Every structure is written in structure tokens, then in C-alpha cells.
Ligand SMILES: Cc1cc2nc3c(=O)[nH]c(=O)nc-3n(C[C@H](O)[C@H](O)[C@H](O)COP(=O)(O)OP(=O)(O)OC[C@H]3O[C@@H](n4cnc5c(N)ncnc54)[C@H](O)[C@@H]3O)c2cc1C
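In C-alpha cells, one chain follows: the form predicted on its own.
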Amino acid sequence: MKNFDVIVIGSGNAALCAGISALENGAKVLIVEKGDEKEWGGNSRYTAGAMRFAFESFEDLKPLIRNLDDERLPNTVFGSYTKEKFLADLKHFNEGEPITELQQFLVDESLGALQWLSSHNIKFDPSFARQSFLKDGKHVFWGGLALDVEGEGDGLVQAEMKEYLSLGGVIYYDCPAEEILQENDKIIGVRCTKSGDSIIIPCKTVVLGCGGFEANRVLREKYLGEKWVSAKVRGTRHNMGHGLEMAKKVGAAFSGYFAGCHATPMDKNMPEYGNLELPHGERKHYRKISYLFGVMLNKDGKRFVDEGLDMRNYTYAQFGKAILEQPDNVAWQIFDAKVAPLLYDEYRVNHASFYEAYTLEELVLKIEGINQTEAINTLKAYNEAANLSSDIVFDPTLKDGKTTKGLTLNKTNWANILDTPPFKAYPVTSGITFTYGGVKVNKKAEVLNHDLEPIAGLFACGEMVGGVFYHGYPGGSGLTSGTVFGRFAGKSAALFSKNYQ
């Protein structure tokens, strides 16, 4: 069996970044991937490709944008998204806890991470469709997200894989890692299963980039709670938590918020796991996150969240959890026709399920499983309360203060009256994306033991890293975190292997 300096376990964005980084730092690198040549790529292939990073102005964006001749650019307002704002957004989800060392590192390295990706032939486009609205003839960006990767998440990993292979990297598909092998506290290889046989692949270092435990019902119940057993899985079926088990066996300390995860409203009729058979542009289309322009009702016919609490980038992960806590893990998002152009494309794909009617009463009577009397009363009360702020101008580019008044649970922004037919109701459930708990690492991406000392030759990145996200996260941070820690994990592993004795 050929010897490698670095074995990277996993093949999503974080793992591929680790592989590329290790190669550019002179290491011989092997990726071992549990999935076959159809199912590789982890959760990254299911993402919309947005990446959150700190930038001061358009001048920071220009070198990253694929097509600077886009005729929309002269009429675009990107604004800025400073490090201070990024940190504030992360801290918002820490529920009073201070910013951690890893969160600070993520923010400080975020722009550099995209610049590094760009140097490896990864291309970016302004996120006009998902993160901007037309206002006074200009494309105004909102919510801190400016750029998407060309081709979304699938395009990202495809481009990264091409770069990885061009630099001399090797990948074994259908080759799940089973055990990290040590001798005298040194890593000497990885035990894998290949074609039904147990094989040992010698190496000097290992990078764990193989995702969290969101696809494992047993671990979801253990760490997240009993209700999470019924959650759908937005991404790969392969993220079973085996990386955590392997790390634990060699003494790794766990870190972060194991009771937390990224979950989001999804079409109730989505499959149990992500579907790679859909064209890559449709893999995210089960997601339903334009709720802020309408209302959400549970089975009891009641609203249960403030749909206008904040921009969707800061609430969709929390509202996914909130749906799970409703009876039967189901809710309905209700919109009228005047906001239909503002809804994401997910609401218009062929497999999107919805009810439609020309009055709200008729719409509710079509919805199966809801308390129809309470739902009609709730919508009537909402419209009466929204009418009290009818003089405030609706503005989807910012928190407009267009609020209901007098409800037990007010909608604090974007509270339009539901008055323009046809009306539509989209049934939604909760889809889990990734888990927050992981192994403890430092800024070199070295995995630490219980004495907070590095485990020689062991590194981690992506969802394997704990201590970055806690009670939620600002959208687009996941891919950026994977890139930041993947880049440093690969570099650290390559440098360690050079001094391996």
C-alpha cells in the first residue's frame, strides 16, 4: 500500500480545502471518502453556495467576481460587512457568552479564505437573486451576504476536486475510514474498508473533515433530544458521526454545543435525505425560507414565531427548530399574491407542494390537518393588527418597522396585510443541515486532548470542529468556516509531516 503524508477523511468543501492546502505545502495527500463516485462531497453539494465574509467595500469584492462586465454592477449597492458586524452577528447566537477564539479566527480569516479559494480557480458571482432587492432602480444587498460560488455548493466542490486532482491529490471512493491507527502516540495510518475488505493505509497525519452526526437518529436523540429523531436530513445520509467516534478513541476532547444544530424550514414532502439525483440547481429547492413576507401557522392554527424578527439570514436556522417543536413537526407558510415575486425560486419549482385559493377562508378549508376555525381566526386577527401600521412603507431591504399591533405575538417587520389573491399555503417541516458539537481544536486546526494539548498529527475542519456555532448561526458562515479551518488544517498537517520522525 502506498504511503501518504496526509490522509483527509471526507470530501466536502472543508476536506477538499484541507487537501488542496496540504498539497500546496508539499505533502502527498490521499482523500478517503465513504460515498461512491455519485455520492461524494458531503453536505457541501446541497448548499446554495453563499459564503459570509468580512469586507469593507466593493473594492474587496472586485478581485473575486467572475464577471466584472455584468451590467447590473454599476447600479448595485453592496455596502460593507465589517469584522465588527460579523462578530456581532456570531455573538448574537452565543446567548450571552463571549466570542470564542475560534469565532474570532473565523472572522479574521474569512476574506483571506475567499481570496485563497480564488487563487485556486474558484469563481464567485454577486448573489443578486437571493440577497438583493430592487430599490429606487438599484440592486441593494442586505443581510451581510454578497457573493455566491459559481454553480452553488455543487459547483464549489466540483471545482475544488478538479483543483485537488490537478495538484496531484489522490482519492479513494467507497472507502469509509474505520479507525485512526497510532503507535507510541504517533499516527501511523488509517484502517478503512474497501470493497468489503479491511485495509490499512499508512500515513503520517490525518485530517478529519467528515462531517457531523446529523444523519444518525441515535446520536440525534442522544444529543439533540427525542423530537429530533423525526427531523428530515437536508444533506448527505453518510454523516453518521463516525469521525467523532474515531477522534474520541485517540483521546480527542469534545467541544461546542452538542444540543444545537442548523435546521431550517423545508417542504413537508421532501425525502428523508438530500437528493443528488436532482439537478444541482434544484437540490436546495425543498427549503422554504421566505416566511418573513407572510405568516406561519401550526397545526393548532396559531402563529408560533415572529416571522419578521430579523432578516432571514439570522432566523431561518432557529425557525427550523421552532417548527420541530410544533405538533406533528409541521407548519404552513401563508402568502398573498403581492409578495409572490419576492419569494425564493424554491416556491416555484415543480415539486413544491402548496394549497391555493382566492379567499383566506377557502384556503384554510383546503388545508388538511390544521384546526381550520382557529386558523381563520388567527389570520383575521393578524390582518386587523397589520392594518394598524398600513401607513408604514413596506421595505424588504431592511427591517422596516412595519409591525402588527395588539397581538400576543406581534410580527415586528414586514407585516403586510394578506389581502391580494390568490393566496397560497406551503406545508413545511424541519430539515436538519449540520450539528454544532465537535472536537476541540486550536487556530492551527490541531485536535486537542482532554489536557488541551495537541494530539500529534491529528487535525480537523468543517462540521467536525466544535466551538464555532452555538444557538444558531448567520447564514453563509458554514462554507466559510469549512474553508478557513480546512485551509489551516491542510497546511498544519503538511508541515507536521515534514518533521515526522
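From 1 onward, residues are counted along the sequence shown. Predicted model only: the values in this text are computed from it and were never measured.
Same protein, other form: the form predicted in complex with the ligand, not shown, and the subject of what follows.
Not displayed here, the ligand is approached by G42 to within 4.5 Å at the level of heavy atoms in the predicted bound form. Taking the partner from elsewhere, E33 is found to have a heavy atom lying within 4.5 Å of the ligand in the predicted bound form. Though the partner is left out of this view, K288 does not reach within 4.5 Å of the ligand in the predicted bound form, counting heavy atoms only. Taking the partner from elsewhere, G438 is found to have every heavy atom lying beyond 4.5 Å of the ligand in the predicted bound form. The candidate site formed by G12, C210 and G476 is fully in contact with the ligand in the predicted bound form, as each residue has a non-hydrogen atom within 4.5 angstroms of it. Listed stretches are 241 to 249, 363 to 371, 419 to 427, 72 to 80; the contact stretch with the ligand in the predicted bound form is 241 to 249, by a heavy atom cutoff of 4.5 Å. Contact annotation: of the candidates L102, A177, A113, A231, the single residue with a non-hydrogen atom within 4.5 angstroms of the ligand in the predicted bound form is A177. For the stretch 412 to 440, the set of residues having any non-hydrogen atom within 4.5 angstroms of the ligand in the predicted bound form comprises T433, F434, in sequence order.
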